[in-house]
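Next comes just one chain, in structure tokens: the form predicted alone.
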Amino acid sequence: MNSKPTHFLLVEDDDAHAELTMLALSEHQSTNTIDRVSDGEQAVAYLRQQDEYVDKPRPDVIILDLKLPKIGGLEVLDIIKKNDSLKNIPTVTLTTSANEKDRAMAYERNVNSFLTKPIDFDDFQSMIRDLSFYWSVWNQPPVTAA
């Protein structure tokens, strides 16, 4: 089992969804850390450690909404998965879209998981807790060079 704290990057433009997601992520593993950006342009800058994100840590897991301003989620996913230094970061889409086309396009771009946000609050919280538990406890990431 993974014993190191997990650093999540949440890319979510909806403040209410972001707040609920961050609350659920922090409830499960108090040692985990979470940063949030609210559009695709900020996500790319964060991942490239540019501008105000120059000192931000590399995320262990990216939680990515598809419907984002400036640069859409699928385009952000393309940027992540085509970049040698970013492509191995597990990326999970968390979206309101249940559209089969969106799911197919995300998997074509090598998303690691596609989740549709449940409408029910308790189901949403449960999904996020499970996501946190999986990526912070059960998943075994590759060993990286120091």
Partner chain sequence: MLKNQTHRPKTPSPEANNSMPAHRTMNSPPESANETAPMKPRKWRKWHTWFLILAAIAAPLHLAVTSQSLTALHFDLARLLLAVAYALPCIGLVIIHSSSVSRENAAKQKAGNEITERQRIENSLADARMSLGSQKVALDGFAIVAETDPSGTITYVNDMFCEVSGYAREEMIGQNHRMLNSGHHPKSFFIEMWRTIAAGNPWRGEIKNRAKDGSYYWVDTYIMPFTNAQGKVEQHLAIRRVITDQKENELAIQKANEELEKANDQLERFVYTASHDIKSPLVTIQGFLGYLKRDIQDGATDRLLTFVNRIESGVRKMNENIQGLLDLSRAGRLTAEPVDVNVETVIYELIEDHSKRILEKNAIITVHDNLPEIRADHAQITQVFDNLITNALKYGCDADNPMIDIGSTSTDEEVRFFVSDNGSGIAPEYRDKVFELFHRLSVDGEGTGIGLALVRRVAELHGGSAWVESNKNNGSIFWVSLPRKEVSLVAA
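Numbering follows the first chain given and starts at 1. This one's a predicted model, so the numbers in the text were calculated from it and none came from an experiment.
From this point on, the text means the form predicted together with the partner chain, which you will not see here.
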* Asked: So, D13, E19 and K117: all three within 4.5 Å of the partner chain in the model of the complex by heavy atoms, or not?
  -> yes
* **Exercise: L68 in contact with the partner chain in the model of the complex, heavy atom 4.5 Å** => yes
* Residue contact check: N99 to the partner chain in the model of the complex, 4.5 Å heavy atom -> yes
* Would E41 count as a contact of the partner chain in the model of the complex, using a 4.5 angstroms cut-off between non-hydrogen atoms? -> yes
* Distance check, L23 to the partner chain in the model of the complex, heavy atom within 4.5 Å -> yes
